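Take a look at this one chain, the form predicted alone, written out in structure tokens.
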């Protein structure tokens, strides 16, 4: 993990490489150059550097600090995301040049709040690779070991840097788990991991086994897992940050550790990455871990149903009817709409047993979400305006983009079954993301609830700024900020 520190400008005298983020206007006027580096800049010509976003200029002089300039573009266009992505460019440049430590001068940008935080987040989150299965690690560029933020008030940055390190390191661990193969990330191993993490961070953890799930009559979770050699589990993690209070919030994360589609088999081109269908579970685990590590004064539960959706002679089939935890019967029209089934049991269990004041679930639920928003935006649907406002605020702070879709009552008609209470997918496959949430709404009665579909945002087909190709860790920072805002 990256070692983040903050020091004053006197640290520039002993630094080997100094990175500076600058707008086009700052480069034109030279006003961004610290006094301690005037002698260095007197020896180099930066007039040709256009300071376009994510571009960089590198110059190394003998017996002088090397200078790395990173462009921010026009000052009027600079945002928090601009800074995070610029920090990613610093990390990329360090890898290109084989550098393992860097001093980063915090720029003066009054229009953007939390400049230091954004730079720290961008650096930490982009300093990542997943190469544990590479037999020749020389193929991977070395990660940055140390980043020092240089500013006027370094002592004031220490609490912020600690928080960034905790939240972002949990985001990277979330990426690791989602990137992991199903041989090492299945219901059995993830249940063990949850217990290990809970033990490290003063979190209570209960793992309900197949026997327990059968007694609790979680018929949907049992049905989905029937074709797999791995038994289902339901994990409940409890963090008591405000033990004197009854109020709490619950996170529910979909944990399908591999999704073949079942009898409705997924085709080539879609099935290869289905180990990622537990991204909601991974996010939930590491979000509550971050909350516990930062000792936020709030009570949080994470409920994680785990199953593998496989094909075998025991697998569930289209046309089957199963009874959910809350007693509702569900007709199966597609075995590839399995995530909502295990979430349904987990949601009703959470509401009836844990009785939180709010529930937020995350799931790689629908391909329709990717059709609508691509990999850039997560859809969310909710029955509560206050939760919507709070989630939108958290999204704005973290840069993890979300967009609200409607939950009109007219959609309920599409979910009715001729032989059971509801179907798991409507006959007409329209409005897929909305219909997935409409199904889930049947399993939340009175509790304020938000459903976030991270099907596109959990896994990138290419690198985008400070977010790498493949597992992104989307949602850990979003949930942490959302919960932190509620706690304060």
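Residue numbers count along the first chain shown, from 1. Since we're looking at a predicted model, the values are computed, not measured.
Absent from the display: the form predicted in complex with a small molecule. The rest refers to it.
| query | Which residue among 27, 425, 68, 444 has a heavy atom within 4.5 angstroms of the small molecule in the predicted bound form? | reply | Flagged contact: 425.
| query | Within 4.5 Å of the small molecule in the predicted bound form, heavy atoms considered, which of 165, 197, 370, 310? | reply | In short, 370.
| query | For the chain shown here without its partner, which stretch in 243-251, 399-407, 338-346, 292-300 has non-hydrogen atoms within 4.5 angstroms of the small molecule in the predicted bound form? | reply | Correct option: 338-346.
| field | Heavy atom of each of 274, 277 and 366 within 4.5 Å of the small molecule in the predicted bound form | value | All of them do, each having a heavy atom within 4.5 Å of the partner.
| said: Within 4.5 Å, heavy atoms only: does residue 52 come near the small molecule in the predicted bound form? | reply: Residue-level check for residue 52: no, no contact with the small molecule.
| With the partner left out of view, is residue 361 within 4.5 angstroms of the small molecule in the predicted bound form by any non-hydrogen atom? | The answer is no: residue 361 has no heavy atom within 4.5 Å of the small molecule.
| task | Answer with yes or no whether residue 452 is in contact with the small molecule in the predicted bound form, where contact means some heavy atom within 4.5 Å. | result | It does not: once the small molecule is placed as it appears in the predicted bound form, residue 452 has no heavy atom within 4.5 Å of it.
| query | Heavy atom to heavy atom, is residue 238 within 4.5 Å of the small molecule in the predicted bound form? | reply | No, residue 238 is distant from the partner.
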